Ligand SMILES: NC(=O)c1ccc[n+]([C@@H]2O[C@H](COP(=O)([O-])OP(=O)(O)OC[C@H]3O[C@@H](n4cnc5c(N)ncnc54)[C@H](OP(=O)(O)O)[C@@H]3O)[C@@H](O)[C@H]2O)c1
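The chain below stands alone, shown as structure tokens; this is the form predicted alone.
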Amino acid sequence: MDEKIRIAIIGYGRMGREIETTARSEGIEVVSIIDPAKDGATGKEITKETIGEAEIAIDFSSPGSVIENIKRVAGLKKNMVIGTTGWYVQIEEARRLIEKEGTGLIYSPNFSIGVNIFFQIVKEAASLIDKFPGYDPYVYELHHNQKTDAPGGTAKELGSIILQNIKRKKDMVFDRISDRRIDPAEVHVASIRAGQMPGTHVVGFDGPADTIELKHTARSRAGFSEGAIEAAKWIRGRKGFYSMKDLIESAVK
């Protein structure tokens, strides 16, 4: 197999441009850039011609286009990295498409290697807190004021990790609670949008005598693009449906 990786970028917003910069700095060939509206794209839609010789498509587009993008890319027998968030209600449909076409896909709400290590740390902490009912978990995030979803995919994933590992918690609450007390079985996940912050996530456990907090702060978007490129290297030649958790676990085995 040729050692040089060839990629296509789907979605040429902030992250798409960051992916391009990181890929070129690592000697990865960017065969095509596909976006229906952005200047600098080499194609407006996914076709055999616009994908060209790319082995892997990296998608940072929009939630509403992800499933159609998967259909088209998998139909061309190319593997995918999906960094777009907000489409996870369709995840089983995506899995079926990948299995049907016999290709490979890896997705994550956040491709930062540090964030994915943070997910594992939170999982271990939540499993421990599960044994001590006096501690009540919470999550909050801070992002730049151009982010379109609140809470973001990373905050939702942190809330899900808490629900999976603290048995007394059954649901997440995202909205402002104005007319009632929070239910003891709920985890409050709060969002702040301001300025240019790339992203900060805090998971806390508050007890009667003290508070424990775990925090991840991104200093730039470079960590996200570097992780997505690592995911592209990892999914190259693989078949199946994976998350970034699989990549992290394979690295520490």
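Here the structure is a predicted model, which means the values were calculated and not measured. Numbers follow the displayed sequence, beginning with 1.
Same protein, other form: the form predicted together with the named molecule, not shown, and the subject of what follows.
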Check, residue by residue, if 138, 160 and 202 all come within 4.5 Å of the named molecule in the predicted complex, counting heavy atoms only.
no
Any idea which of 204-212, 54-62, 181-189, 23-31 reaches within 4.5 Å of the named molecule in the predicted complex, heavy atoms considered?
54-62
Do residue 48 and the named molecule come within 4.5 Å of each other in the predicted complex, heavy atoms counted?
no
Test of understanding: in the predicted complex, would residue 165 fall inside 4.5 Å of the named molecule by heavy atoms?
no
Heavy atom of residue 103 within 4.5 Å of the named molecule in the predicted complex:
no
Does residue 93 reach the named molecule in the predicted complex if we count a contact as any heavy atom within 4.5 Å?
no
Among the candidate residues 239, 245, 233, 14, which is the single one with a non-hydrogen atom no more than 4.5 Å from the named molecule in the predicted complex?
14
At 4.5 Å, heavy atom to heavy atom, what parts of 73-110 sit next to the named molecule in the predicted complex? List them in sequence order, or say none.
83, 84, 85, 108, 109, 110
